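Only one chain is included here, represented as structure tokens and corresponding to the form predicted on its own.
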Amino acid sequence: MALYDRFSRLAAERARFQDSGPSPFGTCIEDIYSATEGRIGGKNVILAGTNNYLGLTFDPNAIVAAQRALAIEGTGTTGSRMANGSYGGHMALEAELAEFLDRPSVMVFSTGYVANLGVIGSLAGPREVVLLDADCHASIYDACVLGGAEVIRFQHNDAKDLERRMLRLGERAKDALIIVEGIYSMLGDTAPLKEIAEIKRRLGGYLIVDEAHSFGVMGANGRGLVEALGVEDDVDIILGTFSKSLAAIGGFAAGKTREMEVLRYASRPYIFTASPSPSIIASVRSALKTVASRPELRERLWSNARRLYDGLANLGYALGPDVSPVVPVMVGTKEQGLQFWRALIDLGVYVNLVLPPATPAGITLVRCSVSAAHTPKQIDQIIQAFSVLRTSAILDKEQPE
């Protein structure tokens, strides 16, 4: 067998989706004009597929901080913190995140994906059991494979199913890892953390919550779903990313106790991955200050999310179960989804086309990401584009439930 033969089916499907026009696989956005505007081909578009929840990618303070770090500390660290040492900015960011989250231990990673690999992959060893929400992100699944743990999936957002599976484990449940997300990236729904925390208090286990899409977005201070639901004391480790609300790239883990510090010497992805560039660290530190000091950004974000969700629901589209900055619209088959996605670009709106198997239950959806930087007029323009397509020939009359 040739080296890439096993990917022939994937290659054929990708080619089919690229032959007749713009492709969702590696879309080129030629120009970025602002947090919410760009150009694809010859078309100016509203960017509604970026996860730029607080709209901070063009924040002047973050840009100045990044430029200053670039000039003073150079373009990169050229190695891992274990081998090359930590820059002052890396340690300062960890201290600032620890203060913001009110946690004694924070580790910064080069990406959110690596944060999951580094923490979960180190804790979920061959003798461990992981109880995992079925809709968790690919990085969480990959982390469990890396560690070699026994993985037990429970039905998405079903606390009773989690409890049933823990009861079957008996005494082993006391040492199991329970892993869920804050806001789920496909359907925009949130984990039932109050119920899960109550189960953990009764049956044991260690609770890890990936707040990638909820950090900066939820909670009175922007600390995420765990803050919003008042269960911070029940969560052993919070995982997060810098690539959504903090408008950069990187990730972090925040431990309930300082015992998590041992992972600096046990986590291979942490030990052997180059640390983030100084300019990235500087912009994240600036963005974190903005998250802490400007709650009005969260208010504007949620106002925009409700406006978009309600507008699309009134048009009769099948959406996710909850109002959220992630607004998924179910669009039928893969072919319908591709046509719909391209038609939205023609109407001046860029969203994400997400195809099976990345989606739950084999559905095809276009995913809108709402930003605090979107104006009400832009939200209405997005709704208008969906309104035009609601009566087009692209979709069947009956939307999927």
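Just so we're clear, the structure is a prediction, and the values are computed from it rather than from any experiment. Each residue number is its position in the shown sequence, starting from 1.
What comes next is about the form predicted together with a small molecule, which does not appear here.
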Notebook entry, point to check: Taking the small molecule in the predicted bound form as the reference, which of Gly112, Gly219, Gly255, Pro269 has a non-hydrogen atom within 4.5 Å?
Noted result: Gly112
Next item on the list: Quick one: from Gly121, Gly188, Pro278, Gly250, grab the residue that has a heavy atom within 4.5 Å of the small molecule in the predicted bound form.
Entry: Gly250
Item checked: Within 4.5 Å of the small molecule in the predicted bound form, all of Asp59, Ser245 and Ser286 (non-hydrogen atom) -> no
Next item on the list: Classify His137 as contacting or not contacting the small molecule in the predicted bound form by the rule of any non-hydrogen atom within 4.5 angstroms, answering yes or no.
Entry: yes
Margin query: Check Glu227 for me: does it contact the small molecule in the predicted bound form (non-hydrogen atoms, 4.5 angstroms)?
Written below: no
Notebook entry, point to check: Might Ile179 be said to contact the small molecule in the predicted bound form, defining contact as any heavy atom within 4.5 Å?
Noted result: no
Check: Is there a heavy atom of Ala143 lying 4.5 Å or less from a heavy atom of the small molecule in the predicted bound form?
Finding: no
Notebook entry, point to check: Counting only non-hydrogen atoms, which stretch in 162 to 170, 205 to 213, 98 to 106, 122 to 130 is within 4.5 Å of the small molecule in the predicted bound form?
Noted result: 205 to 213
